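Starting off, we have a lone chain in the form predicted on its own, written out as structure tokens.
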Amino acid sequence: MNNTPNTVDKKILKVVSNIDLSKLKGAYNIRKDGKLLVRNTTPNIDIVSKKDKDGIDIIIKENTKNESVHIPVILEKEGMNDLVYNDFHIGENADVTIIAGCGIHNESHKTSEHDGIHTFYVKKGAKVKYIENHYGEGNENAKNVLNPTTVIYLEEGASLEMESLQIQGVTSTIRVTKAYLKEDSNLVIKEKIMTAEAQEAKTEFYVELNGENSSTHVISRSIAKDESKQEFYSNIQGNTKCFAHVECDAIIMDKAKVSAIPRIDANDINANLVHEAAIGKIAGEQLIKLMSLGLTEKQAEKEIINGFLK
């Protein structure tokens, strides 16, 4: 261990990756302020630092089952601009969970930024569950910027389920996901975002369904409050017999603005592509029903928002 985690470190790790360092097992790599804090590997999972740039290679052996990898990032140094490249090499028929995410504690008036470029190479028949949480805290005038890019290559029969969550303290984010699917592969993406005050969030999904019987399901749930702004873009390319379903649902409140811009291209007669988008305010009857049970209007709004983001 290069440094001893402090109280703030422990709180952030709990929020973004549900980590209790005293009980942490399996493979993990914890990064703080651009440097390695602590690392552990297992016989089936190796973590190697890149030599040409900041980042790591996570190598998971074929047939690895019921193992996990934690790779959270912490930023506490004021004005930090952290860029990291992480590549995941998932062996054939492996079945693993990967927990990432970044937490920023910024007590300055400066901008702290973390940009993570994660690339997944998922071999034939492998299954991955990927969880990525983003969180910010500190000075109310601080700017916390998080720009994650995820690139996914799924080979024959491979699958990846991605869950991303951002609900507090991120001033600005541009979230980009690109995926390229071969035959019989499957990609599921579940995104949840909440913005408030003058925060801005932009998400972009680009998926190529190149293999026969490949499929994807993209689900975005978001809440935009105060004067925040959100943009959602999706571009699905169906290049063979395939299936895609994209859902974008947003609740808009106060003076917020939300845009949803879908694109689906069927480049084969057997491509089956569906897009659904809905943006609206909290229904009055929902508020009335909860308030009739004794909740205040603010309490009722909170319950509806929590339910929507589950």
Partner chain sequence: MLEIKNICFSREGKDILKNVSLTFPDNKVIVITGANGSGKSTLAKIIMGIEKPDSGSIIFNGQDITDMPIDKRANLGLGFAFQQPVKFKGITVRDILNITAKRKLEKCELCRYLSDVGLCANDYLDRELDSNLSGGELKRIEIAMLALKNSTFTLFDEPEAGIDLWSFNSLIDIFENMKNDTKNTIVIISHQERILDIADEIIILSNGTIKEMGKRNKILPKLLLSSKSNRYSKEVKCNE
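Numbering follows the first chain given and starts at 1. Everything numeric here is computed off the predicted structure, so don't read it as measured data.
The protein also exists as the form predicted in complex with its partner chain; that form is not presented, and the subsequent description refers to it.
- Shown without its partner, this chain lists K143, K77, H89, R221 as candidates; in the predicted complex, only R221 has a non-hydrogen atom within 4.5 angstroms of its partner chain.
- With a 4.5 Å cutoff on heavy atoms, D249 counts as touching its partner chain in the predicted complex.
- Of the heavy atoms in K25, none are within 4.5 Å of its partner chain in the predicted complex.
- Using a 4.5 angstroms limit between non-hydrogen atoms, D265 is distant from its partner chain in the predicted complex.
- For the chain shown alone, V15 is not a contact residue for its partner chain in the predicted complex, no non-hydrogen atom being within 4.5 angstroms.
- Looking at 279 to 287, 238 to 246, 49 to 57, 29 to 37, the stretch with residues near its partner chain in the predicted complex, meaning non-hydrogen atoms within 4.5 angstroms, turns out to be 279 to 287.
- Taking its partner chain as positioned in the predicted complex, the residues of 273 to 310 that bring a heavy atom within 4.5 Å of it are, in sequence order, E285, Q286, I288, K289, L290, M291, S292, L293, G294, L295, T296, E303, I304, G307, F308, K310.
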